[in-house]
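Here you get one chain, nothing else, as structure tokens; it is the form predicted on its own.
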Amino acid sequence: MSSYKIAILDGDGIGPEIMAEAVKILELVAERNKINFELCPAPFGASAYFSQGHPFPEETKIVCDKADAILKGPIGLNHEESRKIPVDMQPERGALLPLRRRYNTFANFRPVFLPKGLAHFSPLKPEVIGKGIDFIIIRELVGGLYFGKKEAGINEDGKRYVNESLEYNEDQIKRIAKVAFDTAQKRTKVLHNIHKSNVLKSSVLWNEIIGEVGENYPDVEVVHILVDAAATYLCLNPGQFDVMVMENMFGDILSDQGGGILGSLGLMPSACIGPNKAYYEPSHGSAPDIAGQGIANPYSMIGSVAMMLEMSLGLEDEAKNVWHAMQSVFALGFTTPDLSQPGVDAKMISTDSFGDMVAQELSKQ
């Protein structure tokens, strides 16, 4: 019997609620495939800061180091609660960025997928959605502005200032480019390279490396597009995209816009892949305003399980089954209140009921 050790980081807000449904599906997958999942819970995020004194405690690092993969819930608090935590210990700076740095998870995969039958979730017009939305954003995750040198202080004029550097080297760009080209080669062989080379020299280097790597992929068409134009086209004609590659901050912004055209970030899981380890997480935040109410949809958390099954554990067929099971629940007319749309006749169910229905649909396959 195959055995895998999975670090379970509940996170904050709705994290524990949606993680419970992800674990429910993992346990069913284990039963169906005669696999043993050793689930290893560990504190992470704001909750870890308040209970352990650090958002990424040493005990959590040890658990993650030993794990075959990491399943992470959303982290963060509302503005007022965040102010109770020192700036450098707030979850994003004190936990998330160090997690990425520790495991060098340079490649972020965010699928933006909405079949035509679920088009009612999207704010876009049916004629814009067409046959549905299906593309993937590949974002470089451990370089750029977020990881560059940072300083703040008082200048010679007595004015407060901040200085943050956007840094990339050719090796960082080359490795994410290879991931993007490999992904495009497996899909429709079209790669949109998102940049801002008319202003940023970092994008000039980025485009040069994309061109050099592209010489090894003559069957992949590369379409270069400025990031601001890409933002517009995502709303006007998302069907033109299949695989998009971009640097860290551009990816952060455009992937959230991807969630917007789906109708919710709650429909967008993600994978963060490094050379030796990966973590999987919803793209959305911890939604502290609805925590504990049982109304959050676990789709992106369970979708992150599906991505883990495929990308870290090699269970591609079962990953497809999990995706199909989730979409079947929507197709049957059920949703949770957080995803409800005005004018759409949907049957409202709770977080755990949605998880139960996904499990039922998965059991039928």
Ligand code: NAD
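Sequential numbering from 1, following the sequence displayed. What you are looking at is a predicted structure, and each value in this text was computed from that prediction instead of being measured.
From this point on, the text means the form predicted together with this ligand, which you will not see here.
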With the cut-off set at 4.5 Å between non-hydrogen atoms, does residue 77 touch this ligand in the predicted complex?
yes
Might residue 266 be said to contact this ligand in the predicted complex, defining contact as any heavy atom within 4.5 Å?
yes
Quick check on residue 105: any heavy atom within 4.5 Å of this ligand in the predicted complex?
no
Heavy atom to heavy atom, is residue 283 within 4.5 Å of this ligand in the predicted complex?
yes
Of 288, 148, 259, 214, which one comes within 4.5 Å of this ligand in the predicted complex, counting heavy atoms only?
288
For the interface check, one of 51-59, 66-74, 26-34, 321-329 should have non-hydrogen atoms within 4.5 Å of this ligand in the predicted complex; which one?
66-74
Does every residue of 14, 96 and 100 put a non-hydrogen atom within 4.5 angstroms of this ligand in the predicted complex?
yes
